[in-house]
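Below sits a lone chain in C-alpha cells, taken as the form predicted alone.
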Amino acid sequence: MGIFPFGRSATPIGLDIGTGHFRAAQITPGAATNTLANYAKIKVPVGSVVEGEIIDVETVSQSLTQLWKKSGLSGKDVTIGIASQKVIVRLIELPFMEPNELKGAIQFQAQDYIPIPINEAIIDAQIVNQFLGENDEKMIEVLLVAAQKDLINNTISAVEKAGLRPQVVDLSAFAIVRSLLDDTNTFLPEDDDTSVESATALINIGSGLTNIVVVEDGMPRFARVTPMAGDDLNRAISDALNVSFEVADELKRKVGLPKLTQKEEENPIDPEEGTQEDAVRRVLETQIAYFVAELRRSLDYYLTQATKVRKVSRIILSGNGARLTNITDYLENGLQSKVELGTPLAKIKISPKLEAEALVSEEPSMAIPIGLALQGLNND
C-alpha cells in the first residue's frame, strides 16, 4: 500500500529521507531470494529536514544528487518513505463495498476520521478485513492513510529536482514491517483466528523521529510517530557537559548506557561530578527513562483500542538509535516485553560488489530503505 502511487519499475530504489542521513537501497528480484544490489547513505545538512518534513527543498535535492553520484546507483526510479506527524493512519469500519468502490467512497467518508481538511490531504485506503456486524450486516475494515499535501508535494519536488522519478510514496512504518516481519507484503491477516491475545511492536529510532507500529495478525493496526529520538540524547549530553552536538553524538556512541546490573540504587549524582563517561551514562539513563515512558504511552493507547489483543509481547528494534549500547535491556525492562534487534538483511542476499562486513554495523538503519525497495518490487 502506497500513499501516492505513480508507476512501476523492475528494480526500484528505496529512498529513506531522514533527519540525519539519506539512505538508499536497491534490490534486484530473484527466483528464491532477492539481492541487495547497492546501498548508500549521505549525511544531511542540519535543518534541511525537520521531524520528517523537508524544509529546504533545494538543499535536499542537492544532497540527493550527491548521493547518486557518490554511490553509483544505477536507477532513477525511487520508492520514497515518509514519516511525520502530518500523516494520519486509522483503521475504520464501513458498510461492505467492493474494492473498486472504495476509492470514490472514501473521499466522502474520510473527513469523519481525520483532522486534516479533505482539500488539503492526499488519501489512500485499503480493505484489510471483512466481518459481520450487528444484525449480521456485512462490514469491511479499512486501513486509511491521509497525508497533508504540502508534505507530499515538497517531497516529490525535492526528489524530482534531483533528477529522480518517484514511483510510490510509502509510509516508513509500513516499510519497517515489510523488511522485518515475514509474509507482510500485502498487510493482510494471516488467518481468521480470533484467539490472538498478543501483538508485535516495531520501533525504529532515527535521529529526529521514532516510528512505532503495532502488527496484529500480520497487519499493521497502529502507527504513530514521535519526535523523541536520537538527537534528543545528543542535545541532553551537549547541554549537561557543555560540548558541541557532534561531540555529544560521539560520546553517546562511545559510552552508551551502563548495564542494568551495574546501576546504582541511590540518587543520581550530579552529571558534573565523576568522570565524563559517568556523566554521559547518567544523562543517557535519564533520557531513556523519558523515552520508555513515551513508548509506553503509545503502546498503552493501542491496547485500549484493541479488541482481541491484551498485550504487546514482542518488540523489534531498528534504526540508528538501536545501536546504542544496552538499549534493548532498558526497553525490555521498562516495557515488560521481549525486545530484539531487527535484521533486515536476514532474508536477502548481499551482492558480492558490496562489502558485507561493512554493512553489519549499518544493518539496524537499513530497515526502512530495504522495506521501501521491497514495496517497489511488489508495486502493481
Ligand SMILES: Nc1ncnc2c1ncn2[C@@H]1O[C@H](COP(=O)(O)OP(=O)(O)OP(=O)(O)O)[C@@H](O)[C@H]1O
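In this text the structure is predicted, and so the values were computed from the model without any measurement. Quick note: we count residues from 1 along the sequence shown, nothing fancier.
Unshown form predicted together with the named molecule; subsequent notes refer to it.
Student: Just to confirm the contact call: exactly one of 252-260, 95-103, 122-130, 297-305 touches the named molecule in the predicted bound form at a 4.5 Å heavy atom cutoff, so which is it?
Tutor: Going through the listed ranges, the match is 252-260.
Student: Under a 4.5 Å heavy atom criterion, is P220 part of the interface with the named molecule in the predicted bound form?
Tutor: Close contact is absent here: in the predicted bound form, P220 is far from the named molecule, nothing within 4.5 Å, heavy atoms only.
Student: Indicate whether P166 is a 4.5 Å heavy atom neighbour of the named molecule in the predicted bound form.
Tutor: P166 lies outside the contact set for the named molecule.
Student: Looking in the predicted bound form, any heavy atom of T155 within 4.5 Å of the named molecule?
Tutor: T155 lies outside the contact set for the named molecule.
Student: Is it the case that G342, even though its partner is missing from this view, gets within 4.5 Å of the named molecule in the predicted bound form, heavy atoms only?
Tutor: No.
Student: Here the chain is shown alone; which of N34, T328, S63, N320 has a heavy atom within 4.5 Å of the named molecule in the predicted bound form?
Tutor: Filtering the options by heavy-atom distance leaves N320.
Student: Under the 4.5 Å heavy atom criterion, name the residues of 212-247 that approach the named molecule in the predicted bound form, in sequence order.
Tutor: Residues within 4.5 Å: G230, D231, N234.
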